[in-house]
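Only one chain is shown below, in structure tokens, and it's the form predicted alone.
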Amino acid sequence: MLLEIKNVHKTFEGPEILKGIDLNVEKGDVVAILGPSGSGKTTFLRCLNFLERADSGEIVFDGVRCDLHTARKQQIAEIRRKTAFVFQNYNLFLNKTVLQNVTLGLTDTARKVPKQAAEETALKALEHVGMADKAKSYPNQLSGGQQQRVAIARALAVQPEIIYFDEPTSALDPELIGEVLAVMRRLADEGMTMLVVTHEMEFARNVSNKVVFMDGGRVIESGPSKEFFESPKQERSREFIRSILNKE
């Protein structure tokens, strides 16, 4: 087991957003986290990477146990070295080139990779997502889809054991979504472990091997993607799928 997540709770000034989330992730899993807006999906993902501090809960990453509420800075740094996060809105530095954006995670105080080696690694990551020819460009010279591919290259460059994706296509125009999903599909084929908060049902149905359906801060149903879409066990899951199919 690569990652075990146990009993995650999170409250924001009143309402409880996460109400005891459990999840197991095997190496090579592509887990699609689905659910209506406000169900706690993004908060859950951010708690896993300590972008938000959970009120309680723990993870076991590669056999190493860590309390999500009381973890010390060193523990957090160790886990973050094994993970990467792709944000909804790219989070690129507009005053730095594409190459500089990708090398940042390698040359920082956590990894301290020498500049030349970092640039070589970054160029390989950019090539992997089809963006090597834009290495000297700045983010505002790129389309949204291109910026998100740079963000994925930045995640790949640190050679993570798992990548968290927070709605990676939701900020994109419809015609640009396909180029990002194609990169993610290729990563899945290559065995990259991914947790993906997404509204892209085609990706969840055909690329992910597991689905976690959340609503109201709880996991309503989880299991193999094929089973979830073809024979959901919970009525709330069936309602969600029907609403999605009606929109399609």
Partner chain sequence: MINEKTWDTIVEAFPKLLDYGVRITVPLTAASFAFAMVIAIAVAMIRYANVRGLKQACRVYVWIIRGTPLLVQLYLVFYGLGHYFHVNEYVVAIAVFAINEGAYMSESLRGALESVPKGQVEAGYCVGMSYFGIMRHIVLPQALRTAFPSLWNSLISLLKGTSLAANITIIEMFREAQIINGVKFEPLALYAEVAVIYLAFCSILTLVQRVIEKRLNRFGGVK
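Residue numbers count along the first chain shown, from 1. Fair warning: this is a prediction, and the values are worked out from it, not measured in the lab.
FYI, the form predicted in complex with the partner chain isn't displayed, but the following is about it.
For the three residues 159, 199 and 222, a heavy atom within 4.5 Å of the partner chain turns up in the predicted complex in no case. The partner chain is not drawn, but in the predicted complex it has no heavy atom within 4.5 Å of residue 124.
The closest heavy atom approach of residue 210 to the partner chain in the predicted complex falls outside 4.5 Å. Put simply, residue 146 is far from the partner chain in the predicted complex: not one heavy atom of it is within 4.5 Å. At the 4.5 Å threshold, heavy atoms of residue 46 reach the partner chain in the predicted complex. Checked against the partner chain in the predicted complex, the candidates 163, 135, 172, 104 yield a single residue with a heavy atom inside 4.5 Å, and that residue is 104. You can rule out all but one of 49-57, 30-38, 179-187, 201-209: in the predicted complex, only 49-57 has residues with a heavy atom within 4.5 Å of the partner chain.
Counting a residue when any of its non-hydrogen atoms is within 4.5 Å of the partner chain in the predicted complex, the hits in 116-155 run 138, 140, 141, 154.
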